[in-house]
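Quick setup: the structure tokens below cover two forms of a single protein chain, split into structure 1 and structure 2.
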Structure 1
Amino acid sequence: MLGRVLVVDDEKNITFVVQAMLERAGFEAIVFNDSVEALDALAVEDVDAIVTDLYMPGPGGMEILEFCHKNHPQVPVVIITAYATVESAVSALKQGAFDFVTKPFDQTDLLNVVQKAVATHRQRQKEPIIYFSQSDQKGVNSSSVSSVENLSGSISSMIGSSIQMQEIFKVISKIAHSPSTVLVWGESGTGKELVAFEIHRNSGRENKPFVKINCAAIPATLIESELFGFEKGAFTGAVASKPGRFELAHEGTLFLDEVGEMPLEMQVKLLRILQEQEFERVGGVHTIKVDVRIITATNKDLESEVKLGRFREDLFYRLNVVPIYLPPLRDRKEDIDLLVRYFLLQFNQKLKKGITGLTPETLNALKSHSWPGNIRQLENVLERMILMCDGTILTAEDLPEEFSAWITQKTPEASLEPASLKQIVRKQTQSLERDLIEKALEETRGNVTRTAEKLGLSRKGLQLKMKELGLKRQFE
């Protein structure tokens, strides 16, 4: 017997045909024409796959799917539906159905799908699966979360169980209420902006504005008017007066992102406002006083920028009153577990999917990656995996291409026909090269010339390597 399949359809003709076909192919078929009876049976029977009609009197295919999710999350559910309802079948897939077949169906099509479903179930049974149920929200929302907001709230929470993150949560709660300037630093994607916002939310200023300005995104010539505002006629094009970000942030928080990119002449002006909390609009004569909490962030090492003469020393000390360093994800891999769990819940909701867990193999692969783009990269990878996943469980096959070396070594096919040592070394080297190049590209924000310098390659050499590894520049 190849496997046990439970079939439920209110039309006897259909169950008759399906049963005959499955039995001929070597499966055991347990057949129901009443969905309540099918659900009762599912409570006690072990099956390898379920084939269910979508619309039936009483509970329909979606209820069967939901029941299986809760009680047998490893069992694939195949939905049969009429042509007219393909749309609902698609939504069933989003809810985690294994596949669907439209009526009238071709017998070989259905058989193929069932064979795949049964094989998937057998494979899943070999591997224990780590399940993330919705009730895990409580587990996640404990001391490992810095905010009180619920996980589905529009404001994202900061997650982290590592000692480093626990320390950061402590610092945030200690300093949030003070007016002191904070400098958050760390690699790209480590959560600097999230830290800034967490401080604001716990500062007592949370009902006042949180205003952000990205110093790298605004041309040097415009930073001053963006920060301080301008009066009508201050320059060509200033047809009306406009308040700057400092005024907009009055009584709230101003977040100066990528402060390391601020031109030197602006640094002087910033220093003055930090010392006096007052300024004039561009072209204005009135002095404006504001009460603003300043939080800055950078992915540069400002101390070396100071040594190189690119950042004013006095401003650095002024900003660095409370330094918060966010370590890269590869230095706090313990957080990956919790982050994966958290993003699964988030993306299930956002993408209307019903992913219930992932295989330990997949989690291990995620944990052994070096994550040059840090949490942002992990978040993006998971979103893509969840979006593309056809089943209810993320497996190694759902991992993106950059994990291919890892997958090739781990899949059963690969172990049947072991790759040559040369192949393995080549894959490993490529994966290492890919990580190094990605990281350097992140650091130079996609600048190929500087990346090549960093890696000791010629520009042409780097381009060839990137082509070979299928790497693209994906930066702002």
Structure 2
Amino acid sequence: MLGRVLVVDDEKNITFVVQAMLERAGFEAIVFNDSVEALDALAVEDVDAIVTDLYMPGPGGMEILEFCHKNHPQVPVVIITAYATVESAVSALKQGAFDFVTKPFDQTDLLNVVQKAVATHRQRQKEPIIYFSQSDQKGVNSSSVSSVENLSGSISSMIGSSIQMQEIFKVISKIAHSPSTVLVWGESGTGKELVAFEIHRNSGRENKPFVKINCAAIPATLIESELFGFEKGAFTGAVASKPGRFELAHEGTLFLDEVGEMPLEMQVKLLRILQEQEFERVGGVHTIKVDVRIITATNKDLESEVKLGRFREDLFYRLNVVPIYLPPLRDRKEDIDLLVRYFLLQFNQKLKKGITGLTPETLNALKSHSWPGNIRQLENVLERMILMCDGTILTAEDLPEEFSAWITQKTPEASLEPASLKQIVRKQTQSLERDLIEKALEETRGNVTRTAEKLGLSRKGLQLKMKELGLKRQFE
């Protein structure tokens, strides 16, 4: 016997045909024309798959699917219906249906789906699955997980159960309502902007503007007018007056990202406004006073930049009133479980997918990775995996190419011939190269020329290496 399949449809001719088809193929078919009886049978019967009609008197296919997910989460459910619509198909798959077949169905197609469903169930029995349900979203966002301790009666957008993150949440809770300047520092992709937003959102300024500007993304010749605005006629092209970011953030919060990239001449002007809370527009003569909370962020060690003469010491001390260090993901891997759960729920909704969990092997692979791009890289990897996954469970086969060295190391028996030392070294080297290039691309925001300089390569050499490793410019 290839497996036991429970079939439920209120039309007897349908169950007769499906039963005959399954038994000819070597399956045992347990058939019901009453969905209540089918649910009662599921309480005592062990089956490898379920084939159910979507619309029936009494409980329908969606109710059976919901019952199975609560009581038999490893059993795949295949839904068939004559009244298929895009909406019902998407709804069924989002709720975790294994597949969706429309009447009149081709028997070969239905048999292929059932065979895959049974094989999936048998595989799940061999290896445990970590399941995530829609109700887990409350757990992901609850104060016990991503707590900023319900700072303003709302739920934090940050996630982390590690000691490091819990300490950060406590700091945010203490300083949110103060006017003090905050310096958030850490590697690219660790969530510095999220920290800034949480401070603003949980402060008395939450209903006022949260204005952000990336100092590295604006040419040095334009950053002054971006920050302070300009008057009509101040320079060629200034056909009308324009307020700057400081004016726009009045009574709110201004977030200066990558402040370490700010030119020295602008650092002097930033210092003045921090001290006096006033400035003039470019080409203007009137002094403008503002009430702005300043939060800055950087992926550089500003103390080292001060010693090298690239950042003003007096400005550093003005910005560093409340320093918050965000550790890289590799130093708080206990947070990966929660982040994976959160991103699965988010991308299921965004991509109209029905991923219900992942294998422990897959989670271990994610937790073993170095993540040079931190949370942003993890988010991108999971989106790619969920988008490309054909089933409802993420397995090691869904891992992207950069995990090939890990898979080879963990499952050498999967190859007919053991990998040679040369092959292992090559894969490990490629993995290291990929990590270094991805991190450099993150730090330069996808600028290939600057990345090449950072890595000591020619632009052409870097492009060839990126092509070899299957990397694309994803940041520009």
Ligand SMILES: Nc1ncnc2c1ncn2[C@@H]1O[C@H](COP(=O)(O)OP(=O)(O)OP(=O)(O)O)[C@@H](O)[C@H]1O
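C-alpha atoms forming the largest set that superposes within 1.5 Å between two forms make up the rigid core. Residue positions are counted from 1 along structure 1's sequence. These figures come from a predicted structure and were not determined experimentally.
Undergrad: These are two forms of one chain. I'd like to know which is the form predicted together with the named molecule.
TA: Structure 1, not 2.
Undergrad: Superposing on the rigid core, is the Cα displacement of H72 between structure 1 and structure 2 2 Å or more?
TA: Superposed on the core, H72 moves its C-alpha 2 Å or more between structure 1 and structure 2.
Undergrad: Using a superposition on the rigid core, decide whether the Cα position of I386 changes by 2 angstroms or more between structure 1 and structure 2.
TA: Where the cores coincide, I386 shows only a C-alpha shift between structure 1 and structure 2 that is less than 2 Å.
Undergrad: If we fit on the core, is the Cα of L256 displaced 2 Å or more between structure 1 and structure 2?
TA: No, because once the rigid core is superposed, the C-alpha of L256 moves less than 2 Å between structure 1 and structure 2.
Undergrad: Provide the displacement, in Å, of the CA of D435 between structure 1 and structure 2, taking the core as the superposition reference.
TA: D435 is displaced by 3.0 Å at its C-alpha.
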